[in-house]
Each structure stands twice: as structure tokens, then as C-alpha cells.
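Structure 1 and structure 2 below are the same protein chain in two forms, each given by itself as C-alpha cells.
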Structure 1
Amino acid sequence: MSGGEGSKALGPILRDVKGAHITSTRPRRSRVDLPADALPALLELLKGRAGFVHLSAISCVDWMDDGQFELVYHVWSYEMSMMVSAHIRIPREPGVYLSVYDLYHPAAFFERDIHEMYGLYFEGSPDMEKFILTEWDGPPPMRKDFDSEAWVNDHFDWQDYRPEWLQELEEDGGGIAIRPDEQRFSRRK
């Protein structure tokens, strides 16, 4: 099945979803942009009418400058051999969205992960406890406003490495051109 055909097949199914915009990105791969409140309807239609039974992943993108989070739901149909990525944008504050756990059970894991890494909260998700960062007490580390380097400099120490041979080189005018502490991105400003 070519990509065009895939999108055409999706067209009638998604006619009922308000504001859904389908683009065919590659053969057997389509992108649907839609308003956030229409997503459950879209997923329900995809799952019920087109056999998109496999939720591959939910990914999250932090658009800090727009004040938005982008959530991407990747669903796969074994019958059509086709992947649909549904993109929605939700406001960054307060960062709350609905869980799709009732439709796709694997969503619980992805939502838990996003909650941990981005601080988003999914209403109705069965478990919003910490998963990987069980001993983490800082801000959600995948948010764009989390400065990883500042955190590192705040919490860890660096080993000083100034061996004699390097000092000799430096006395002769050689040595490291850009010192590591000047190289660090967070200190560049």
C-alpha cells in the first residue's frame, strides 16, 4: 500500500474528528495534527474502525518558548501495516492531560515515564509514581528549563588534573587552547 492510499484510507475514518489535519510523511506513515481535546476520539476511531491496536509509544516534546508540551501518540495497525502519529499540543502550565489508559493499557508505562521526566500529569493514569528516578528530588530533568550542567556543577566536584608535564607546556605558551570550564555550554553566555 502506498502512502497516498494510506492517507486516503484514513480520510473517511477521521472525517468525524474535528480539526484533524492528515499529512502523509512517508509511505505507510501518516501524521495527524489535531486539537488536544479531540485526541481520545481519534484514538478510539483508529482503534475501533481501522485496527490500530498497537500503541508503540507516547513521546513528549518540550516547546519551552511556545509555553507548550507536544505529545505524540504513535499507533500501529497490523492490518494496514501503517503507523499514525497523532500530534497534540497542550499548555505547559499546569501541564495536565487525560490518560488514554482505558484505550491502550501500555499507555500507563509511557505516561508514567513522561510524568517523571517532564512533570506532566495524566489524569486517570493508574500509576504516577516514580519509575527510574526513584531517588531523584530535583526538577523533572527532561524539561528544557532544567540546566543539567548547572545541576552537575552544583552537586558534583571535578578532579583537578594539572600534571607537571602540562604545566611545563603551559609555561612555554602551549597547553589546552580552551579550558574545560570555558567550554561548558552553560557558562558560555
Structure 2
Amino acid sequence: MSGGEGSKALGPILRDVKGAHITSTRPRRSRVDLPADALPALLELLKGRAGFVHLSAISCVDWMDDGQFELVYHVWSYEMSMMVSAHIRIPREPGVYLSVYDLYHPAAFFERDIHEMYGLYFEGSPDMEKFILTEWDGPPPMRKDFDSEAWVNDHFDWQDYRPEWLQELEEDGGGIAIRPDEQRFSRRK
């Protein structure tokens, strides 16, 4: 199936979804941009009419300067051998969107991961508890405004680690070329 054929196959579905349009296509892959409130309708039509039964992933992009998160839903049709990536944008604050768990049960895993890493909350998702960062008490670490170095400096004490074997290696001309305190960008003035 060529990109043009994929667009043709999606055409009747996209006509029924307000504001949805294909912005780029390749053979067996299409990108659909649409308003956030139209996503559930698109996914329902893709699954019901075109056999896009497999949710491969939900990914998130933090567009901090725009004050938005982009959510990308990747769905696959085994019948058409085609992937559709549906892109929506939601406000960064309050960072809340609807769960698509009722359409695709694997969404629970992806939504939980995005909640933990970006702080987005998915209304209707079956579980928004931590599952990877169970001991984490900091802000969502994948947000662009998360300062990992400041967080580490606030939570850990730096120690000079120079065991005898490393000192011998350095005396022979090897070892650490640039010490960590010299290469941190935030400490360069």
C-alpha cells in the first residue's frame, strides 16, 4: 500500500472527525493531527471501521515553551499493514486528558508511564499509581523544566572517588580526562 492509498483508506474515516487531517504520509504510515477533543472519536472509528485494533504505544513530548504536551497515539491495522500516529496537544497546566483504556486496554500501561514521567493525569485510567519510580519523591523527571543536576545536588553528597587503582591509571596517562566538576555545564562560568 502506498502512502496515497493509505490516505485514501483513511479519507472516509477522517471526514467523520472534526478537525482531523493527514499532514504527512509514507507507505504504510500516516500522521493525523487533530484537536484533543476529537481523538476518542478518531480512535473509535479507526478501531471499528478500519481494524486498527493494536495500540502500539502512547508517547509524550513536552513543548514547554508552548505550554503544551503533545500526546501521540500509535495504532496498527493488521488487515491494512498500516500504522496511524494520531497527534494531539493539550495544555501543560493542568495536564489532564481522557484515558482511552475503554478502547484499548494496553493504554493503561502507557498512561501510567506518562503520568509518572511527565505528571499528566488520565481521567478514567484504571491505575495512576507509581510503578517504575516507586521510591521517587521528586517532580516528574521527563519534564523539560526538571533540573536533574540540581535535584541530585539537593539529595546526594558528592564524594571524591579516587581509589588507588584509578590513581595508578591516571599516573600512567589514562583515567578520567575531564573531571565531573569541570565538565558540568551549570558550573561553567
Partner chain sequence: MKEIQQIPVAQASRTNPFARVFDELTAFCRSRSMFMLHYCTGCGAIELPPAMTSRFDMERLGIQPMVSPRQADILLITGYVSVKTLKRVILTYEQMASPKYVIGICSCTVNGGMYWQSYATAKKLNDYMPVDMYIAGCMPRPEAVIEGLRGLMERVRTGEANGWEDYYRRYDYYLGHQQRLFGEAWQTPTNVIQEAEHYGLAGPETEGEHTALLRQHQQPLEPLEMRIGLKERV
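Residue positions are counted from 1 along structure 1's sequence. Between two forms, the rigid core is defined as the largest C-alpha subset superposing within 1.5 Å. From a predicted model like this one, the values you see are computed outputs, not experimental measurements.
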Quiz item: Between the two chains shown, which is the form predicted in complex with the partner chain?
Solution: 1
Exercise. Could you check whether the CA atom of D145 moves 2 Å or more between the two structures, using the rigid core for the fit?
Key: no
Self-check item: Large Cα shift (2 Å or above) at E170 between the two structures, core-fitted
Solution: yes
